[in-house]
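Take a look at this single chain in structure tokens; it is the form predicted alone.
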């Protein structure tokens, strides 16, 4: 049985394969810690094998290698890290205040993202932020649970949704 080759034409397919190659080489070198000729050869052979298999299965594309996000990702990560730190402080404050300070609630929030990748980034950003969890997602909404009503209100203001939408632009 012959596997199908990738469906992407020319330069785009090469760009995605090259980015996958570089990512795999960096991961291999970073995780191995040993740089003998034999191990480097095995690493290169493994990377080439993975590239070939991914080409045959046609899984290397814009979705698996979102290179279009590279320019805007550092700004988004910076904002998200600050958001995570602030949310951690809020959760610690809630713990110190005791059970009376916690008012768990759930609601459905609209998704403003165009792509599946944008929807996943939005749901994961909600879950990464302490005190909130994205529990379910359909085509146009996400079900969110929060420790407090203020957590839901913060998400309803839409800053996170807007920032993810800017990221995927």
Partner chain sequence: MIALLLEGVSVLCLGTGIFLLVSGGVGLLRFPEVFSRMHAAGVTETLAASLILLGLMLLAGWGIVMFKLLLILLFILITSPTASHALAKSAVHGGLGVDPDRNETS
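Residue numbers count along the first chain shown, from 1. Quick caveat, the model's predicted, so the values are computed rather than measured.
Below, we turn to the form predicted together with the partner chain, even though it does not appear here.
**Q** Where, among 39 to 47, 111 to 119, 22 to 30, 53 to 61, do residues come within 4.5 Å of the partner chain in the predicted complex by heavy atom distance?
**A** Selected stretch: 22 to 30.
**Q** Taking the shortest heavy atom distance, is residue 73 within 4.5 Å of the partner chain in the predicted complex?
**A** No, residue 73 sits far enough from the partner chain in the predicted complex that none of its heavy atoms falls within 4.5 Å.
**Q** So, residue 67 and the partner chain: in the predicted complex, are they within 4.5 Å at any heavy atom pair?
**A** Close contact is absent here: in the predicted complex, residue 67 is far from the partner chain, nothing within 4.5 Å, heavy atoms only.
**Q** May I ask you to check whether residue 152 falls inside a 4.5 Å heavy atom distance of the partner chain in the predicted complex?
**A** Residue-level check for residue 152: yes, a contact with the partner chain.
**Q** If you check in the predicted complex, is residue 145 within 4.5 Å of the partner chain, heavy atoms only?
**A** The answer is yes: residue 145 has a heavy atom within 4.5 Å of the partner chain.
**Q** Heavy atoms within 4.5 Å of the partner chain in the predicted complex is the criterion; list the residues of 107 to 146 that meet it.
**A** Those in contact are 107, 108, 124, 127, 128, 130, 131, 132, 133, 134, 135, 136, 143, 145, 146.
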